[in-house]
Each structure stands twice: as C-alpha cells, then as structure tokens.
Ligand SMILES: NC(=O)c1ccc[n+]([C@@H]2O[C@H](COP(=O)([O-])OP(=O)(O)OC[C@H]3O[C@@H](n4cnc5c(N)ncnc54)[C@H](O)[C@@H]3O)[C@@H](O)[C@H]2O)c1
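The chain below stands alone and is given as structure tokens, in the form predicted on its own.
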C-alpha cells in the first residue's frame, strides 16, 4: 500500500478516536490506533458498562506504549463526547445496542465506525439511516471479509466478466463445534441481543454476495431450527445436564464442550475477572434451554438483477469453512476455503501465511475444460482481511480502491435486512419482501460486474 510522504503525514493532525464496547473485538482497533497507525490516530477515550473492562483497556494502552485514554462508563457516553470531543467513535458493543451509540455520536458531530451487523431490526436500520442523512456524518460498517485477498480476487474475476452475467449463487458456510458452539455460550444465544445467526453471523456472508454481485436484495424465503445445541442433545451425548455454565458444571471431565476461562488469559482478563461488576458469564452451557437462536439455517434470496442466492449455515459441522459457486452466462466460478477459528482470539484463517492449499479457486468455462487459479494471499487474521481493512480506515491518504471495499450504512442495511427478513420468514413460513419491512433499500456504491440485460421474471410464489 502506498502512503503519503513523511512531510505530509507530520502536517496532518491525528484524528481522535473513542471506542465504546470493550470486549475482545475492540482489541483490533485499539492496537491498530496505538501501534501501526499511531502517526495519524490517537485513542482519547474508552467506554463500557463494566468498569473492570475499562481498566483492562487502559492498561493495554500502556503495553502498547501509548498514554492511557480517559475511561467512561456507558451511562456517561454523552459526557465522554462533550469532554473528549472525538472525531470518530468506534462501536463494538452487543449488536442490539449499536444503533443507540451510532445515532448519539453522529448527532454530536462525530463520524462513526461500527462492527457488523450494523444493527438487529428494521426500525433501528431506519433510525441509523435517518440520522446519517440528518447529520451528514460518515457511517462505516467494518466488513473485513471483503478485504481477505481470495475474496477480493473473486470480485476481480466477476468484474472482469470471466463467467459473464451471474444468474445464480450457491453459498454454504460451515462452523465447527469449537467456533460454532461459542455463539451459544454468550450473549449471542439470545435473539434480543444478536438477532440470531441470520443477523449476527450471516450478515458477513450476505454482504459478500451483495458486494460480489453489485446487486440489491429484494426478497427472502428461509428455513431454520435449533437441532444440535439443545437439552436433548446433552442427554444424547451421555450428560446429565444441561447445566448453567462451564465454571460450575459437575461434568466438565465428560463434556467435550467445556470452556476453561481460568486457563485462557484473554478470556479470563476480559470476562472472568470482571463478572462481579455485571454478572455476565462468558461460558454458558451450550445446551441450556433458554437459548432461542437457530443452529441450522437456509435461505433463498432474490436480487434486483434477477440473480438468486441459495444459502445455508450450519453451526455444528465437523469442519469449518465455506464453498461458493457462481453460475454465469459464460461459465462457473468455484471458490472454497477450509479454515479454523479459535475462541481465545488467536486465529488461523487460510489466505494468510500458511494457507497450505486450503483455499481453492476454479474456473469452468461453459464450453471447455475447467482450470484452477492460484489464490491471492496476505498475512494476518481473517486471511489478511483485518490488517488490510485497518489500512483502509486509519491513514489520512489512501489509494483508490477499484473494488470499493469500504462499506457504509447503505451496505449495512442491505446485508442485515436479508437476515432480518429471513427471521420474519422463519416465523411465517412465507417469502418476505425486504421493502415491506424497511421500505426501498438504499443502493450501495459497488464496483460493477456484468449484469443481466434485463431482470429475470420474479420467482413463482407458492401458496
């Protein structure tokens, strides 16, 4: 990546950042601000409902060789904005609360950056979009998956028209029982906090397809249920439970899902050491009855171009990764990844330094023999995507990105509304028009790919 000359950087004032929500994901942004991008960014405040995590974040600044930012409890968020006057607020709180902090920060004159999903329901989506239009502030959603080199390579191939006009996509995502189970231990296991995996996890995948196709989703028909992480499955696995949490479970020696917070330095420092402040358990039993999110999901999505997406998500697979195939008027593009993600924050994701052949790309012309392509790669977490995304966020002068990987509130709406509509379809069993929930979706700025000359007929309604 090219950067500005030192003379220009020294003359550029550092942008002032605040982070609200101090769980494990904020470490990416805090370290980026205080180390790699310290020449043009400074962390002036951190904010959280838990005073223990506030102090943990401030201590991390010392380890980064940076001055400790001011700490504020969540109840003092508006005071933080007044006193510290950040240029940008980064929101990494639980999903259902994103909208509140985003709106208040924009109304205070700040630009905002939010972790995905942007929010969890249609009304909150409308509120965020209205606040952005009212204030004119920048609202960015951090879809790091776009930046992973093999996924950018897929975008390049589609932009170049290698398979012509894309008519359909088959996309299947698998979470293994290390990563997948972790969504059932913590706050994500309740839809009122996360929107379920259709919203919290699949928003990444829906955004990828939206961006790959350069298209806007129109309708969703979905299916799903909780079939593995259930009390009955605990008993079928020979356990006497379910119980409440791993730390007090009498069957830790027999349960392969046991998570030992005490032996995990990061999870212990972030959560176990500070339970007394808010009573939050990071190690809930994955089989407890009060879980209300699904672990097996499927959706059929229709786009404004007439293209269709067939999607599935399984959270208890024997291996982790995905397969995606694009069917076009000139051929087929196939892409697959086998990856492994661990719950302690240390990740190994193919596409990085040791992909080991786990990333595959194959082009199959409509006429002629198919052939394999060498996948692009980069070092770092999420297949290099995190590092590349931060390089696109913090430096004051950034090169033009022909793939338009930076996402704003429009892309946030288009991705999360697929999951929101899918949740409605789960309840009703019917196909859901996204416009019926949100209104006309705002079209994001996408790099163009060859589109069908005319939209295909709408699929036949059933029932």
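Worth saying up front: this structure is predicted, and the values here are computed from it rather than measured. Positions refer to the first chain, counted from 1.
The protein also exists as the form predicted together with this ligand; that form is not presented, and the subsequent description refers to it.
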Of the candidate stretches 207-215, 180-188, 228-236, 253-261, the one with residues having heavy atoms within 4.5 Å of this ligand in the model of the complex is 180-188
Residue within 4.5 Å of this ligand in the model of the complex by heavy atom, from 108, 74, 266, 363, is 74
Exercise. Is this ligand close enough to 101, 117 and 278 in the model of the complex that each of the three has a heavy atom within 4.5 Å of it?
Worked result: yes
How about residue 48 - does it come within 4.5 Å of this ligand in the model of the complex, if we only consider non-hydrogen atoms?
yes
Does any heavy atom of residue 18 come within 4.5 Å of a heavy atom of this ligand in the model of the complex? no
Any of the heavy atoms of residue 12 lying within 4.5 Å of this ligand in the model of the complex? no
ask   = Does residue 24 reach this ligand in the model of the complex if we count a contact as any heavy atom within 4.5 Å?
value = yes
Of the residues spanning 64-95, the ones with some heavy atom within 4.5 Å of this ligand in the model of the complex are 74, 92, 93, 94, 95
